[in-house]
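Take a look at this single chain in structure tokens; it is the form predicted on its own.
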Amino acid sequence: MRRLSISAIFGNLHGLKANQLARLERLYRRRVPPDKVITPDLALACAQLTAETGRQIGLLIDRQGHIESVIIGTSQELVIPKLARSRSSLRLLRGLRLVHTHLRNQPLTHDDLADLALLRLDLMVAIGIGEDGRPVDLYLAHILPRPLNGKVYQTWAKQSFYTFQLDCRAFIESLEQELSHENPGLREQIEAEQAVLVGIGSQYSPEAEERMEELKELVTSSGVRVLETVFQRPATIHPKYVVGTGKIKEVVIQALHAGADLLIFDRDLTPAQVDGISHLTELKVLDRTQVILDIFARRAHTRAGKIQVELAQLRYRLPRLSQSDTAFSRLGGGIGSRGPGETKLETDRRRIRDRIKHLERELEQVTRHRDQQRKVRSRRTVPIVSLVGYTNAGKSTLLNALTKSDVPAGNRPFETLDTVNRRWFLPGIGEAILTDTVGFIRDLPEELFMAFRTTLQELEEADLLLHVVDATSSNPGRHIAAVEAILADLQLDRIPQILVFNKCDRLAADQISIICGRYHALGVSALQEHTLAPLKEAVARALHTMQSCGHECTGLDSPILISLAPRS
């Protein structure tokens, strides 16, 4: 049998005698029958060590009865070492139980129960030690198949240690079967990632509800199954845990119990917050920007799109890089070798900065090529009409309907990332170019805005913008405002636009009339060709007016052609 070193004993070893260290080390040689929680002789050995040292002794025991870890704490608590998951399932119980001693026959503490839930232990067991240094009572708790009165665990009544009976193996197998039955998200055969979404705000309002629905749509489009959404109202934002230690533990426990792999926040998290929450749980912690970056990475197909997405990802990750981060060790493409005397963190940061510079040079080449293409188009004096709007408003579907094209279009956010140009014949005007580009979203991550500025600046060549809005949105005004804000940031608010409500086939006629009247807009359905004729006529009329009197004639007198001035 291999000899375990003192380093295999975890916790507070300071001041222990050599004999006590040797006895702790020999605990690894013990084996508990799979049907027993712990044997009397093993419990007595731990109790005697607790009586001598005045410290709690803990054993992490697997389902075969092997002792995985021996832990020694203080008189009040144990600090459980970082655990490697001992079973293949990411969602059911861990396959380990913690059996530990308590001085003065004390029951399970709040920290014990939190560890049970956070670590998904099979059982949490405390053995109360009497004044004579022998086991007296046993305290036990386990995860519940379904929450009861807001709690995900159940504590048993105090049991006399020497009369306690439980078939440990049969109980845990039965418990896990119930957990799987009651919580579909915990079933091992589910391969898709699963998430719990967390909203943060001072109050739950219609706007907050809309934001959570938008986040759910973003997450779902990434191929992740949303299990639950929770909303927290902290008085102040905690610098490390966002909502405070107690609340974040509740959220994590709820997510674990639902079977989540991901905890996704509807706000940008600071590096300290990601690090703090990650230390509490094995769940992957993401924020809204990471979700959007992931979607962009999936949708980018052209060279320009891939360059811009990678730039945004690296700019986001650089300030969040920590010593334990290995995500960038696989980056290649002309990156320099490790320099002498550098730490891994310094090297990773240097690699990312070098990669960013390389991508910026590539993007400059793409920009120059696009500038040349725009100059060619401008010499042809062909009018350019650009579709803009909130993501998933149906811009690509509308482009297909107007130009008889087959551009990929889907009912999901950010289906289009790269600029698409199609010829469009307009009565009285002749040939025009209709362009479609990346959709907008509220609070567009700064990293993406910077990276995609090259693509968005192509809108500068447009003579007219068709601002497409989803008519079925619960609050189209917010979507319109978000788009107008981004256009203003790009200094594109000088370009005339026509406001177009799409997807009107899903609304009643009176609803269409009201919403179009309120926003001075046209109502269309990209799926109903007969609704597009008024839009074509309005575009042709606007272009003809501008060709007649120049771009200083913005058509503000028309109820259709509008400016980007704030609406009353």
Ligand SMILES: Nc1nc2c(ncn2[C@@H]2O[C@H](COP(=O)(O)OP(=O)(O)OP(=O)(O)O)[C@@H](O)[C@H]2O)c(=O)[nH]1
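Start at 1 and count along the sequence shown; that's the residue number. Fair warning: this is a prediction, and the values are worked out from it, not measured in the lab.
Beyond what is shown, the protein has a form predicted together with this ligand; the following relates to that form.
- The partner is not drawn, yet in the predicted bound form one stretch among 419-427, 313-321, 394-402, 218-226 has residues with heavy atoms inside 4.5 Å of this ligand: 394-402.
- Although the partner is absent here, Tyr390 is a contact residue: one of its heavy atoms lies within 4.5 angstroms of this ligand in the predicted bound form.
- Using a 4.5 Å cutoff between non-hydrogen atoms, Gln56 does not count as a contact of this ligand in the predicted bound form.
- The shortest heavy atom separation between Gly439 and this ligand in the predicted bound form is within 4.5 Å.
- Though the partner is left out of this view, Asp463 does not reach within 4.5 Å of this ligand in the predicted bound form, counting heavy atoms only.
- Of the residues Ile515, Leu27, Leu527, Leu44, just one reaches this ligand in the predicted bound form with a heavy atom at 4.5 Å or closer; this is Leu527.
- Checking Asp261, Glu415, Glu447, Asp112 for any heavy atom within 4.5 Å of this ligand in the predicted bound form turns up a single hit: Glu415.
- Contact with this ligand in the predicted bound form, defined as a heavy atom within 4.5 Å, is made by all three of Gly410, Lys503 and Arg506.
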